[in-house]
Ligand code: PFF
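A lone chain, given as structure tokens: the form predicted alone.
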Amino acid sequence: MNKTRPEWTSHLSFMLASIGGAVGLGNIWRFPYIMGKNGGAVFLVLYLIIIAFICAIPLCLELAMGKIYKKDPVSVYEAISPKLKIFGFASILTAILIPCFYFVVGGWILNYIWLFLTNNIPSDFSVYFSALNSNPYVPCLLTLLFLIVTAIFPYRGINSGIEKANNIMMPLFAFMLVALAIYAVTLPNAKEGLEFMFNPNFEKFTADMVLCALGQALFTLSIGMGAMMTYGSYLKPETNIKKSAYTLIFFDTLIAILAGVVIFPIVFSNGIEPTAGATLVFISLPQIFVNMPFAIPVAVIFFLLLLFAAITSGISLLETSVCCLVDHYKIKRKKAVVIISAITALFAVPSALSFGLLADFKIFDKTFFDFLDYITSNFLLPFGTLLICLIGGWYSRNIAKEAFGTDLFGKVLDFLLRFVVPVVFALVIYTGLN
């Protein structure tokens, strides 16, 4: 055990940091988009079951692995078995690749906040968004600016940087989200949006919906990339892993549902489809905001929500790679942050240009941005999660004991870990290959 390792100053600080790491853009726009595309309330019911009984299991294991070994992901896998060290590097690779496209979206958010703060609002957001991404310089500068803002916090350290950032941003995030939800339910036709969310029609159930719900749950909890393992390594010895994991799941899911309460009443009140993906946030909703009461403050609060979600999850991604350099290669933290930021910038720039200058540059018929998204979401994250389950279920049983405890519910989770969950994630990977 690493006795000199920093620890969270309180369990609340750990929870806020973990919730911040899990809550990202996927909660605010991806969850409502996926839910809208998959039948609304029936998807929500399925999602709740999957996140509680399938995805909670690798989350518990990942936190437990960090808590037991008090090291970065590469060193954790090496401590379990030197043969597994390469898989630790795979998780670090995932944590490096995701910011390379994720931070591009963070740059767009910064730009939109500036637009509404300065009241420099375009007449047509579709034309504006296309022009923004066709520019050979602005998307790159915005991406790098977002990278710098996010990197400041791991640069300052665990307690002075990451912990303080989440202690401030997450309560503000929650306050703004609740305020927007209250505003949204007062809009005309808001009832239709709420019925779509909470009145399930099980005739809409499909087999594809299961994979969509599983993919969303896996994505939103940041499992399989070493982020939760890293945050778990800063836990105090007395922390109850299972309780912490389900608390995290509760708040992460609550935030996703509240995001739906914000978005669905707005889209139903204005007669637009909730299945538009990224264009919903950067084209459809901004166009609606300008014609709504309190347009400027509503728009600014909404994009600040997105910004806080992107920064806190971005911090956890950077910290995963930084922690590896600090622990495994004994590089000073500040230097490690600079190195990881430089690597991220190197790949984030072509990702930012994927919608303009490099739009014709394809890897397996995908733009650089889409390729990074595809390979991490469909292969690296599910594979990392499957590996964690196989290790905890069959190779190193002390991890499962630490993760679940010995009560009846813990035994149920352990059974699911050994005989159900690995099969589920193997099917996810197989589906991604076809």
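These numbers were taken from a predicted model, which means no experiment stands behind them. Quick note: we count residues from 1 along the sequence shown, nothing fancier.
In what follows, reference is made to the form predicted in complex with the ligand, a form of this protein that is not presented.
Asks: Counting any non-hydrogen atom inside 4.5 Å, which residue from 268, 155, 196, 219 sits next to the ligand in the predicted complex?
Replies: If I apply the 4.5 Å criterion carefully, the residue I get is 219.
Asks: Can you pick the one in 305, 348, 340, 225 that has a heavy atom within 4.5 Å of the ligand in the predicted complex?
Replies: Among 305, 348, 340, 225, a heavy atom within 4.5 Å of the ligand in the predicted complex occurs only for 225.
Asks: Verify the flagged residues 21, 24 and 98 against the ligand in the predicted complex: is each one within 4.5 Å by a non-hydrogen atom?
Replies: Per the other structure, all of 21, 24 and 98 touch the ligand.
Asks: With a cut-off of 4.5 Å between heavy atoms, is residue 317 one of the residues that contacts the ligand in the predicted complex?
Replies: Residue 317: contacts the ligand in the predicted complex.
Asks: Contact between residue 173 and the ligand in the predicted complex at 4.5 Å, heavy atoms?
Replies: Residue 173: no, not in contact with the ligand in the predicted complex.
Asks: If you check in the predicted complex, is residue 313 within 4.5 Å of the ligand, heavy atoms only?
Replies: Residue 313 belongs to the contact set for the ligand.
Asks: Does any heavy atom of residue 231 come within 4.5 Å of a heavy atom of the ligand in the predicted complex?
Replies: No, residue 231 stays farther than 4.5 Å from the ligand in the predicted complex.
Asks: Residues in which of 363 to 371, 42 to 50, 25 to 33, 397 to 405 have heavy atoms within 4.5 Å of the ligand in the predicted complex?
Replies: That would be stretch 25 to 33.
Asks: What residues in 102 to 120 sit within 4.5 Å of the ligand in the predicted complex, counting heavy atoms only?
Replies: Stretch hits: a single one, 102.
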